[in-house]
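Presented as structure tokens, the chain that follows is alone, the form predicted alone.
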Amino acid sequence: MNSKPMSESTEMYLKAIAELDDRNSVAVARLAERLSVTNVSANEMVRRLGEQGLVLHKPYKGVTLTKKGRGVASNVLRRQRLWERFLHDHLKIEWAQVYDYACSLEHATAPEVTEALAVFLGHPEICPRGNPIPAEDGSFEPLDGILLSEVEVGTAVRVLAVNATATDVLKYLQERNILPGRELEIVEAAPMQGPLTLRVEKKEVALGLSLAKFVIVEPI
């Protein structure tokens, strides 16, 4: 892809933009929040990425990946999600922790190792969180779902994927059984941006709208 390896910070920023939304603009403030950095730091890094032709930044509108940036991001996501699959399926690491551990491995994984890992795993198409694993050429089939936060009351849905990355958030969802493949029903939506009440396997649980935005579902 590139003869000169990208820095770890560059890869992290590009991956974060792709995870948040690789087709539409991502607000710099949202990117900063995702990476736990200040807005000043995020703006400076975005400026550098723009100079390298990896992103386009329109003030007050947000950041989008260029074709070059999307290629790098897809490569990082491939490594990340293959490692998630290995850690979860073969080392039996807890679902809520595999993302964090995989992050530590992705930046030190050579292309030959990545492809050997893909062969070993049988070329999986999704990671344990349900998100698509890009192919070797960077392509992948986007999820055809909607955010849980947008589902109407009374609707039954199946969880397709969880797009959260913070271990505490993943742990919270895991403890409430809001995992890929689970079926649930929206029982109630509290007014004034209040929490959703969900029925998950005959048990009712509450979930704030901010967390519901991490959960991608499909009607059943």
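Quick caveat: nothing in here was measured; it's all calculated off a predicted structure. Residue numbers run from 1 along the displayed sequence.
Below, we turn to the form predicted together with the DNA, even though it does not appear here.
Mark residue 168 yes when one of its heavy atoms lies within 4.5 Å of a heavy atom of the DNA in the model of the complex, and no otherwise. Because no heavy atom of residue 168 falls inside 4.5 Å of the DNA in the model of the complex, the answer is no.
Within 4.5 Å, heavy atoms only: does residue 44 come near the DNA in the model of the complex? Residue 44 belongs to the contact set for the DNA.
With heavy atoms only and a cut-off of 4.5 Å, decide whether residue 191 touches the DNA in the model of the complex. Heavy-atom contact with the DNA at 4.5 Å: absent for residue 191.
Taking the shortest heavy atom distance, is residue 164 within 4.5 Å of the DNA in the model of the complex? Although the DNA is absent here, residue 164 would stay clear of it in the model of the complex, with no heavy atoms inside 4.5 Å.
Please tell me whether the candidate spot formed by 97, 109 and 117 is one where all three residues come within 4.5 Å of the DNA in the model of the complex (heavy atoms). Heavy-atom distance to the DNA in the model of the complex: none of the three under 4.5 Å.
Option touching the DNA, based on a heavy atom within 4.5 Å in the model of the complex, out of 34, 70, 57, 182: The residue from 34, 70, 57, 182 that makes the contact is 57.
Which among 58-66, 174-182, 150-158, 191-199 is in contact with the DNA in the model of the complex, heavy atoms within 4.5 angstroms? Looking at the other structure, the answer is 58-66.
Suppose contact means any heavy atom within 4.5 Å; which members of 28-53 contact the DNA in the model of the complex? Sequence-ordered list: 28, 29, 30, 36, 37, 38, 39, 40, 41, 43, 44, 45, 48.
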